[in-house]
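Below, in structure tokens: the form predicted alone, a single chain.
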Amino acid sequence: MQQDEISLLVGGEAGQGINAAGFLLAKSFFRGGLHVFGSIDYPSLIRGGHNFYTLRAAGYPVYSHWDTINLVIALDALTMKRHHKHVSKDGGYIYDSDRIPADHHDIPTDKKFLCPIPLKTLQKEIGGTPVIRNVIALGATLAVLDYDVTILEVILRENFQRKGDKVVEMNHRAVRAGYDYAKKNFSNEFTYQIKAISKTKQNRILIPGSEAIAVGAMAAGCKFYSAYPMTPSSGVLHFFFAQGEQFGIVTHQPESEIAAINMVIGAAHAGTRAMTGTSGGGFCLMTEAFSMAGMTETPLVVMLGQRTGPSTGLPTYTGQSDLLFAIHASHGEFPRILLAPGDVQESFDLTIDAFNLAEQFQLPVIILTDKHLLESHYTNDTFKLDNVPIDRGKLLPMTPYKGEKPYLRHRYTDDGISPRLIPGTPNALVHTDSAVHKESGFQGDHCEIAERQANKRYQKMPTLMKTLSKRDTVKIHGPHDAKTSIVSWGSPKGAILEALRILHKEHQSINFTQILYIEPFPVSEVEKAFQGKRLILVENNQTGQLGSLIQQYTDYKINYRILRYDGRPFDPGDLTDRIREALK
């Protein structure tokens, strides 16, 4: 029996509770002390279409899903057909025998382990509604894996207690029905089994990237979040709606992305830490207002969750094709900062830093994420919420202004950063204009003013670069003296770390250079990391956009590129094979 790791897939139609079932299973393994990674795949449909949740659990840290599936929990025949080629030779299926006959002619099984469970029959026996069948299937899954079913029972009670004891009892009967049926008929037949390590409370959390960003924003003191729903950024909005009120956060869903960003700019101008989130299409609509934030030097934080484009593309799938767009978005020239987290810890940390940098340098900051990061569940150490660094830059207290001269919102300074007052401060007029303006913030249409204000905005760059040099703008994973380095950014981090784990066991001299702070580009840090190394670029886009930036700012042109742009994240096994090919 193999007991240190398991890879599973729960599949079915939209409306069958696939995501909920997958997350319940992930949470059960997590509560047993295991490390977990889970990811949902779904089309842009309310009903119908094929949904599946992939889950990996192990007694050691895992950073990604895995190409090969050990056990498929199939709530429809399509799940068995579509994923058959990914099932391991000694893997198998738990499936609904009421919907999928054992002699179903077009489902290849290759003598794999089969565990038919009559979900409809068992559901009727316990008196539940059809949606309860996924809980019955989860019970059967834990029986086949010989995993402690009481962990799931505790989770079900926590999840459904608010709906009353009858609902809790129904779910308990469902999970026991599936568990007992599988134990009676298929006990100890499956190759893969996994054990709980500990049922004591772990100093870890199971969280998706969207919630990590929301928690980071809360920790940073965000008090206003305005966004229009758009996959995959909607998870941040939902979390703020659910949790924000108890932390004094105003959450608003306006009529459009244009309204959302303008509200956030207004809140930030008034001294509130504020944020919006969107995806590529929504950010297109935001770019005019984004430019206004640059002109008015308003501290703005935008979370841009990438998905497959162009246009509507694949709206529920992932990609990394908005990098250059984010760096150059809007008309005119003004500095901005772009941060690219690769996991939930970085999502939390960089969101806090985004708010600090936005106020320190009075400019827009983009947190660039994607569907894979935002909607996947990661096991992570509990976030440290004590002593979160808060730096509001040159924001002055809202006490009566006592300056020797009248307050000027855009006063010229040595570092290009003006002292900032909140509108309504006694004895001061706080004014700014979206057109070319004078130090006072009132419009001024002279060429000399336009040039001087442009220079003022870019005068921030030396101080900004000095500040960023004290951060880990570039991370090196693996030996610094490796002969080869994989170069990437964002969510491919997980698959790359899994590939490194394999390649290091094969004694390959290789590491991973991850660029987190992409704009302004950390030229010296990148050149130091690349020195003397053979480079392999890995990105979820077609043109190697990070590679283009590297070539623009350094002397390095990365010729070997591993690119994926079909809407899916990298598979660690396939990625490892492609890296091996590059190393030949």
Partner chain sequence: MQKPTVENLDTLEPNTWCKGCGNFGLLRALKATLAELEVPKEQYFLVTGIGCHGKLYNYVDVNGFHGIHGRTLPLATGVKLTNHELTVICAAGDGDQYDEGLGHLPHAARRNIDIKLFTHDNKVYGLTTGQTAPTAIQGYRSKTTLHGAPSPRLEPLKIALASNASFVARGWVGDLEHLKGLMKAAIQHRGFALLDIFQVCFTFNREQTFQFYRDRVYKLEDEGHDSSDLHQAWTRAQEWGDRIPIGLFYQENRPIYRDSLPQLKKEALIKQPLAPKGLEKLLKEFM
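This is a predicted model, so every value here is computed, not measured. Residue numbers count along the first chain shown, from 1.
FYI, the form predicted in complex with the partner chain isn't displayed, but the following is about it.
Annotated contacts: Gln161, Ile197 and Ile515 are all free of the partner chain in the model of the complex [non-hydrogen atom within 4.5 angstroms].
Stretch-level contact analysis of 428-436, 175-183, 485-493, 337-345 against the partner chain in the model of the complex, using heavy atoms and a 4.5 Å limit, identifies 428-436. Scanning Asn262, Gln123, Thr473, Ser418 against the partner chain in the model of the complex with a 4.5 Å heavy atom cut-off leaves one residue, Asn262. Taking a 4.5 Å heavy atom cutoff to the partner chain in the model of the complex, the contact residue among Asp96, Asp353, Glu498, Glu257 is Glu257. With a 4.5 Å cutoff on heavy atoms, Pro208 counts as touching the partner chain in the model of the complex. Although the partner is absent from this view, Gly221 contacts the partner chain in the model of the complex, with a non-hydrogen atom inside 4.5 angstroms.
Within this chain, Thr382 lines the site of the partner chain in the model of the complex, having a heavy atom no more than 4.5 Å away. Although the partner is absent here, His83 is not a contact residue: none of its heavy atoms lies within 4.5 angstroms of the partner chain in the model of the complex. Using a 4.5 Å cut-off on any heavy atom, the residues of 267-284 that reach the partner chain in the model of the complex are, in sequence order, Ala267, His269, Ala270, Gly271, Thr272, Arg273.
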